[in-house]
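Below you'll find only one chain, the form predicted alone, shown as structure tokens.
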Amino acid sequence: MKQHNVYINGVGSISIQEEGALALPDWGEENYLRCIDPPFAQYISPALLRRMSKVVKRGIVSALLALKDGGIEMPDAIISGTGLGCIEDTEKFLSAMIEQNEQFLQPTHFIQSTHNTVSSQIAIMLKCYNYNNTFSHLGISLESALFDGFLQIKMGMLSNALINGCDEMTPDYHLMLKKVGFWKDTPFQMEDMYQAITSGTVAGEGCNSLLLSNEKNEHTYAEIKDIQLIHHRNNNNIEELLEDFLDKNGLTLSEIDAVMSGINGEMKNDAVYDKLYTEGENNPTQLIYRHLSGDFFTSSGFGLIQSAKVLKNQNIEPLLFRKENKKNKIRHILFHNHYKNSTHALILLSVCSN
């Protein structure tokens, strides 16, 4: 069976960042920021808007931005990843159950609380009757969706696929996680990303979309060479698995120009990346993104978009550096994300030659 190349041809993002150049957010005392929303009425009719939750609006707009960026109108597939789904609607439905003593409940919040709501609403908006799927795999939900699209395009089952990662962080959910020590107790400092010495991270939210295709064109950002998802309870042998992944693609770690990792300022989380990418010689340039997006289940979508932009523009925004080691040409970026060191996602991105 002939295998096809897979390219990133379009991206779209709704995040805590203003449109344009990246900037370090002011996290404040709570270490928590919500998205800067675009004017939704420019993309969705007011009649539809009033029935949609924020995460659905954001998911639709980020998807439309990716399709426009990639120059297509109708994708062969819509595949989404989400850790929490539409949690705001879930909270509203549960609150109504308590307040109304489980009587006279409005079904709208329940209907729109399911995890596949975003993918479904994008399909309804586009009138797309093609393959539609949603993955909810905690911290590698976005990577699972990406892997699905990657494999189907690789095998020739699809020509293109729209991949979405959407999650929202509500005040109530943020408060619950704060009580169990998920967020930092003291205001976030950039030094936390360079050398984490405390527990906890910072909270964000966002919707990020990537348009994959089996053909490159003037819109192309990068080629996805390979993806590997690793599921283990305790990845003590992650160094060996990483070496095997690179070896399968004819590379060594010294030949990787940059690593975009899921460093978030939390000691246990960051120690995994430190062991792999800072405790040896000839280490690649280390790039980070969660200080710009906040941490949420599908924040890796934001990091993947930044990685793709680096390869397309051959320029690294200063705020993306954790450890600078500039090279004349950036050919390969290894994207590495893990969730509690029990699941790892390795994604090899390469520059596209004309």
Partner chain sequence: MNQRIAITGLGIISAIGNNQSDTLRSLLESQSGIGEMQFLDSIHHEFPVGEVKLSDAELKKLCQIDDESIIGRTTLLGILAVREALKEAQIEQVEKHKIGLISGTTVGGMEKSEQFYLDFLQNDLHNEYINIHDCGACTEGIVEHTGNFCFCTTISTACSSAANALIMGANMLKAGYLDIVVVGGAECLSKFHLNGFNTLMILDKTPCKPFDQNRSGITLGEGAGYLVLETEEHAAKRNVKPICFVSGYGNACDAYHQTASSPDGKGALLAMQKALKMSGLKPQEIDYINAHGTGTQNNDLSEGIAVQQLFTPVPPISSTKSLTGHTTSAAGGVEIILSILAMKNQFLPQNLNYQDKIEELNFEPIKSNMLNHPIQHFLKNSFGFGGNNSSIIISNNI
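Positions refer to the first chain, counted from 1. Keep in mind that what you see is a predicted model, and the values were worked out from it rather than measured.
The same protein also has a form predicted together with its partner chain, omitted here; what follows describes it.
In summary, the region of this chain contacting its partner chain in the predicted complex, judged by heavy atoms within 4.5 Å and restricted to 251-259, 213-221, 155-163, 267-275, corresponds to 155-163.
Using a 4.5 angstroms heavy atom cutoff to its partner chain in the predicted complex, all of 116, 129 and 133 count as contacting. Of the listed positions (120, 283, 199, 189), a single one reaches within 4.5 angstroms of its partner chain by any non-hydrogen atom in the predicted complex, namely 120. In the predicted complex, residue 247 stays away from its partner chain, with no heavy atom inside 4.5 Å. In the predicted complex, its partner chain stays beyond 4.5 Å of every heavy atom belonging to residue 183.
Residue contact check for residue 227: one or more of its heavy atoms lie within 4.5 Å of its partner chain in the predicted complex. Of the heavy atoms in residue 343, some are within 4.5 Å of its partner chain in the predicted complex.
Scanning 62-92 for heavy atoms within 4.5 Å of its partner chain in the predicted complex gives 83, 84, 90, 91 in sequence order.
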